[in-house]
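Just the one chain here, laid out as structure tokens, in the form predicted on its own.
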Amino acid sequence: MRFDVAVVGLGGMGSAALAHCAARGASAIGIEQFGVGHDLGSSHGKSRMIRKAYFENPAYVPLILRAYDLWHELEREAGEELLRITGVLAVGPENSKIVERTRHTATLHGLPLEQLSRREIEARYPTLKLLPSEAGVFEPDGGVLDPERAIAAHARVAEQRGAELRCDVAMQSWQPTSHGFEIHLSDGSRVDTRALVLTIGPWFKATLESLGVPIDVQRNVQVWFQPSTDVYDVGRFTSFLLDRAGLPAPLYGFPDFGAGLKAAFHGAGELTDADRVNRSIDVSRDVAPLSAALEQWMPGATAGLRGAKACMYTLTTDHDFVIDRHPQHANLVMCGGFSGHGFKFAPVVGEIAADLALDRGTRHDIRFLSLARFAT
């Protein structure tokens, strides 16, 4: 069978792209080398942060605002809650990147943001231990996404709209044809498609580097702790970002939803490869430094260890995404390099991928995410 579009890789971005393509009436197939919602890539871990005042780059704000709308649309269609508003507290020195740039973005785009002194933060969250130089901002619209359930919802909606899913089979190669692309799969079968969307996470390294896009794949560990107190439970506590000197990277985390308080360093792991990443957890190496930093910031947060899991960041040199068409094949869409902060954008990335695959253009301004920035 020949398809209008094939989406390879059904993690956060690919499952959304498949759902959006199917919603437009296109004949669509999704191909996933593992299972839907697997824990071997970058789209797992029970929680992902979402926020509007985007300190990484204000250019993302129109995309994240659209993503909020699309997450709520998906919730209505799937009939389940995927996004919980907890607020996001960002703390650091007044001139720290996270605090200063969050303020800048909020001002630039007119987003709600509370400015909090150290004393105001400690009054609101009495257990927190701030340094004298630290202050913060609180974004009331920030929240938490459930990545596994979100991926399952997008995949389910895609199937309901007529898409075909092929799981536990890998793409071995693709080649252009007179009418589009021929995809060869690991089970010996072949898929013919007019347009091809690649959303293959850390397995994108070779493809992107062949186009002059330097890519690093980084191993990062997410850890779940059992607090000794209920002050960090959801409803009483918030999602957070801590930009503090002496940490290997900014510390982020989420309140306890019942399965433990999750925390991690944002981008502090060793470089690796998608097919050779070390998935085993060494407590002294992977957990102890995080536990020590978290306990200094949130006393009582790390009384017990509930679990830990490795995931991968696919890092571009500027830590911005790559969303573009292949320079030699206009109907091949590439979405990758999400650099550890992409999941929250999944539904709008899916919408953009469908735009590019089916309409050859998009209503969204993604020029800052194009391949052109790597041309020099």
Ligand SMILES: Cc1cc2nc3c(=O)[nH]c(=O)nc-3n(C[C@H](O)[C@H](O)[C@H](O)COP(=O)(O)OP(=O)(O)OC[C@H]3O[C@@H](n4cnc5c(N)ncnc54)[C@H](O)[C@@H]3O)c2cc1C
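Source: prediction; values computed, not measured. The numbering used is simple: start at 1 and walk along the sequence shown.
One more form of this protein exists, namely the form predicted together with the ligand; it is left out here, but the text below deals with it.
Not displayed here, the ligand is approached by residue 31 to within 4.5 Å at the level of heavy atoms in the predicted complex. The ligand is not drawn, but in the predicted complex it has no heavy atom within 4.5 Å of residue 329. The closest non-hydrogen atom of residue 357 lies beyond 4.5 Å of the ligand in the predicted complex. Looking at residue 17, you'd find every heavy atom of it more than 4.5 angstroms from the ligand in the predicted complex.
When you look in the predicted complex, the only residue of 249, 170, 234, 305 with a non-hydrogen atom within 4.5 Å of the ligand is 170. With the partner omitted here, the residue from 70, 315, 322, 311 that has a non-hydrogen atom within 4.5 angstroms of the ligand in the predicted complex is 311. Screening 249-257, 72-80, 100-108, 86-94 for residues having heavy atoms within 4.5 Å of the ligand in the predicted complex returns a single hit, 249-257. The candidate site formed by 12, 38 and 49 is fully in contact with the ligand in the predicted complex, as each residue has a non-hydrogen atom within 4.5 angstroms of it.
Using a 4.5 Å cut-off on any heavy atom, the residues of 330-354 that reach the ligand in the predicted complex are, in sequence order, 338, 340, 341, 342, 343, 344.
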